[in-house]
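Shown here is one chain on its own, the form predicted alone, set out as structure tokens.
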Amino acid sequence: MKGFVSVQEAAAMVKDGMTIMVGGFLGCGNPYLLIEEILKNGTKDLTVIADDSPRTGRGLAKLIDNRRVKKLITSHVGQNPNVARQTEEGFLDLDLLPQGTLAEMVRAGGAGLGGILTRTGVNTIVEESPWTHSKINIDGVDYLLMKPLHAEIALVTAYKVDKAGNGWCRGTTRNFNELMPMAADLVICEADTVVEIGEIEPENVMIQGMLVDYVVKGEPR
């Protein structure tokens, strides 16, 4: 880990036009302070890879609501009508993927794989996705070869983060926060609580410190 930074310093690393991954599930586990600061900075034209868009006005949805996201790669948007509205207007480029497929495409990006094979989406509009490379038949079964996902920056959060960058996520905040640091060039983790090295049991480390570049001290929630 390179060190601790302020939320202002961290948010300034996110530039116009970047591709970012955002951890969490329906707003639970989103890095709220980082998102607020990115919004204040006026950062725009972002490509966002996330499990979903939370409901309007919550977490990641604020970037979408304020038209800072130009492309959204995700699995669920039903709680935010602004996604449909902006897509229909032609402002937002939306790529919808099955949730499990999305997760494994992120994992492939982190593991250096050329893609993943899945039966999910065969003979559906998923075949037309720009992230679908081809259809492959193996032993009489059709699979879609999906491309890996990668980002310039991953923004994640954890309830406890030690001074080496290892993180423990409470409850369902673990969703996608554990996965996305694998597949980004730069990883910023927002910590609800900072603890000493050793206070997180090794078996409870969910975000690996060796993947984290910077930690931002957040607020317990």
Partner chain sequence: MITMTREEKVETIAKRAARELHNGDVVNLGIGIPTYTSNYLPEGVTVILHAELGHVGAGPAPEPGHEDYYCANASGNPSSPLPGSSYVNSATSFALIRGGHVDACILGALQVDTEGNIANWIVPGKVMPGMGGAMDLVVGAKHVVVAMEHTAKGDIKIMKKCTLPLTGAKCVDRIVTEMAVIDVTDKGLVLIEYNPKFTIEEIQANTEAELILADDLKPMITEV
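All values reported here derive from a predicted model rather than from experimental measurement. Numbering follows the first chain given and starts at 1.
Heads up, the form predicted together with the partner chain isn't pictured, but that's what we're talking about next.
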| query | finding |
| --- | --- |
| Partner-facing stretch of 30-38, 181-189, 64-72, 148-156, counted where any non-hydrogen atom is within 4.5 angstroms of the partner chain in the predicted bound form | 30-38 |
| The partner chain contact at G171 in the predicted bound form, heavy atom, 4.5 Å | yes |
| Any non-hydrogen atom of I136 within 4.5 angstroms of the partner chain in the predicted bound form | no |
| is_contact(E128, the partner chain) in the predicted bound form, heavy atom dist at most 4.5 Å | no |
| Contact test in the predicted bound form: G121 vs the partner chain, heavy atoms, 4.5 Å | yes |
| L26, G78 and T101 all contacting the partner chain in the predicted bound form, non-hydrogen atom within 4.5 Å | yes |
